[in-house]
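As structure tokens, one chain now follows by itself in the form predicted on its own.
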Amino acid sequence: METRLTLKENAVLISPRHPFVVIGERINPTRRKKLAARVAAGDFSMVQEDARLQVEAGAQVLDVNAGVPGADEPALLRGAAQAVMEVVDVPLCLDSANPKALAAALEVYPGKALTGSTTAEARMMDMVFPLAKQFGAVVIGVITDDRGVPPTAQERLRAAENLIKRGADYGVPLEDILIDALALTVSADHNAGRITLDSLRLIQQELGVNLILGASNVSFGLPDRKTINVAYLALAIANGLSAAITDPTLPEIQTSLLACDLLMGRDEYSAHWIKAFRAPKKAKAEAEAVK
């Protein structure tokens, strides 16, 4: 099962057979007051800087969120997406629960975008899947349903089955749906991380669909979040995770993911690991040569 995202000629493949895909999370005004104020004013300079830094750090896809309370989200998401595409050439995840905002951004997107997201609630699926079909986009399907967050792996599997079935009803194929088994914070429920890991494994085994997580959520409210996030990503990858929305600018994240690809047999001849190891030495040598 391969999920293909594109921006013009640039393509990214998501599947258990390919290297893990990092979707940069930083273009999000939530809990970032300065960014929220700039975006609300139509100033996308910080958005563009975040885009550059994340791609330089190794992000293969960028999440773009323009959800500022009280603002014109369709106009802002469209503007933010256009601003990002001016400075980088990686595919985008257009991140909104507002179908009008998704449509506004998809109209100007030259390729196969990732849209985030729909839940397994009927009203959301009936709004988002037609957009995905219309614009040829890939959909993130979050396993929350009309009753809330399913408490067990089996119930999350049923929500995933419902998402896939409704997507098929609208002509969205299985490869164009990424299932988000929902990473919840372990500070609120110490079993939350384990239930999500069980859900990843079960959904992948039963449905063969590609899996995604907003991985940083698991550590919210706890100290030393980086250590928790790194460990959780490694465990999730071992249970079938193929992509995550996370912060690529943290060296610990990138190093861990490179090691996971190596150990999971996705780094032929250890090429990516060796290249990453040599990069700092090469940069230092080039800097000294300039002097």
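For every residue, the number given is its place in the sequence shown, counted from 1. Owing to the predicted nature of the structure, the values given are computational and were not obtained by experimental measurement.
There is another form of the same protein, the form predicted in complex with a further copy of the same chain; it is not shown, and what comes next is about it.
Q: Indicate whether R158 is a 4.5 Å heavy atom neighbour of a further copy of the same chain in the predicted bound form.
A: Because no heavy atom of R158 falls inside 4.5 Å of a further copy of the same chain in the predicted bound form, the answer is no.
Q: Indicate whether a further copy of the same chain has at least one heavy atom within 4.5 Å of a heavy atom of P223 in the predicted bound form.
A: Because a heavy atom of P223 falls inside 4.5 Å of a further copy of the same chain in the predicted bound form, the answer is yes.
Q: Applying a 4.5 Å heavy atom distance criterion, does K100 contact a further copy of the same chain in the predicted bound form?
A: The answer is no: K100 has no heavy atom within 4.5 Å of a further copy of the same chain.
Q: Using heavy atoms and a 4.5 Å limit, would one call V218 a contact residue for a further copy of the same chain in the predicted bound form?
A: Because a heavy atom of V218 falls inside 4.5 Å of a further copy of the same chain in the predicted bound form, the answer is yes.
Q: Which one of I237, A36, V61, M46 is close to a further copy of the same chain in the predicted bound form, taking close to mean a heavy atom within 4.5 Å?
A: It is I237 that has a heavy atom within 4.5 Å of the partner.
Q: Could you check which residue among K165, R147, H190, R123 gets a heavy atom within 4.5 Å of a further copy of the same chain in the predicted bound form?
A: Checked against the cut-off, the match is H190.
Q: Give a yes or no on whether every one of Y232, L262 and D267 sits within 4.5 angstroms of a further copy of the same chain in the predicted bound form by heavy atom.
A: Every residue of the candidate spot has a heavy atom within 4.5 Å of a further copy of the same chain in the predicted bound form.
Q: Please identify, from 63-71, 224-232, 25-33, 48-56, the stretch that has a heavy atom within 4.5 Å of a further copy of the same chain in the predicted bound form.
A: Partner-contacting stretch among the options: 224-232.
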